[in-house]
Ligand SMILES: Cc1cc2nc3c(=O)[nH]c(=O)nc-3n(C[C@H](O)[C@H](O)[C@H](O)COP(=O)(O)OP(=O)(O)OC[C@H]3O[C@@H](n4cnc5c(N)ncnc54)[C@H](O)[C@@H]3O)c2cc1C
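As a starting point, one isolated chain is supplied in structure tokens, in the form predicted alone.
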């Protein structure tokens, strides 16, 4: 054990799971600080890892300074405003011997960059189509190298889709002329994976989209795909949170409408 009294910075899934693990190992987690005004991990992990163990979570808070000489003795936590600036009079000294940082998991893409693969600046992963082929013909990417998934089930599904697409490429069954439709992140959408759709793949069945919102909506919402003017498909959800991936499928029956679209836009709005 690196210490006995912890403060954790970051409310992502790994940070919250570590809070539970440290508690089970006999440590005391004083608090979890999150600079954003909302939880960045799954609500499930907040309940099971923090609430169930009585570990406090402070939103819109960060570490202002670390106190100690030969090792950490305390941290100074502070509330921040909407511009992430410290709010005067909110600084608090929290005694601890270890500060654990959980401040941003991103894909590892050194090889992708060396191969000339186009990188999405939002996800930090390759730009892929719905078959998980990158802009470099014959190079496919799937799993957490594309974007950080919530569930391993989705990683497995992406692997199957990429493998199927790669097999087609190897067998030269895919047409040389690629007909891709770009996906546009619309209202309250941070990013979408895949970033474009190959029209040929619509013939294989429904196409799954995965996205994250920019801001939380703690009320009924619509997740809608349109061609900019006409709705193609939509579904309702009880809420939308940045820490939880939203999935939406474009049904095969919409193939003709999708095939005519110059681009597809996804919006997440209040119902």
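Numbering follows the first chain given and starts at 1. All values derive from a computational prediction rather than experimental measurement.
The same protein also exists as the form predicted together with the named molecule; that form is not shown, yet it is the one meant from here on.
Are all three residues 17, 143 and 150 in contact with the named molecule in the predicted complex, where contact means a non-hydrogen atom within 4.5 Å?
-> Judged in the predicted complex, 17, 143 and 150 all sit within 4.5 Å of the named molecule.
Out of the stretches listed (195 to 203, 179 to 187, 120 to 128, 104 to 112), which one is close to the named molecule in the predicted complex, meaning heavy atoms within 4.5 Å?
-> Comparing against the named molecule in the predicted complex, the contact stretch is 104 to 112.
Selected contact from 91, 155, 170, 136, since only one has a non-hydrogen atom within 4.5 angstroms of the named molecule in the predicted complex = The option sitting close enough to the partner is 155.
Selected contact from 235, 65, 44, 28, since only one has a non-hydrogen atom within 4.5 angstroms of the named molecule in the predicted complex | Comparing distances to the named molecule in the predicted complex, the residue within 4.5 Å is 44.
What residues, if any, in 241 to 271 have a non-hydrogen atom within 4.5 angstroms of the named molecule in the predicted complex?
-> None of them.
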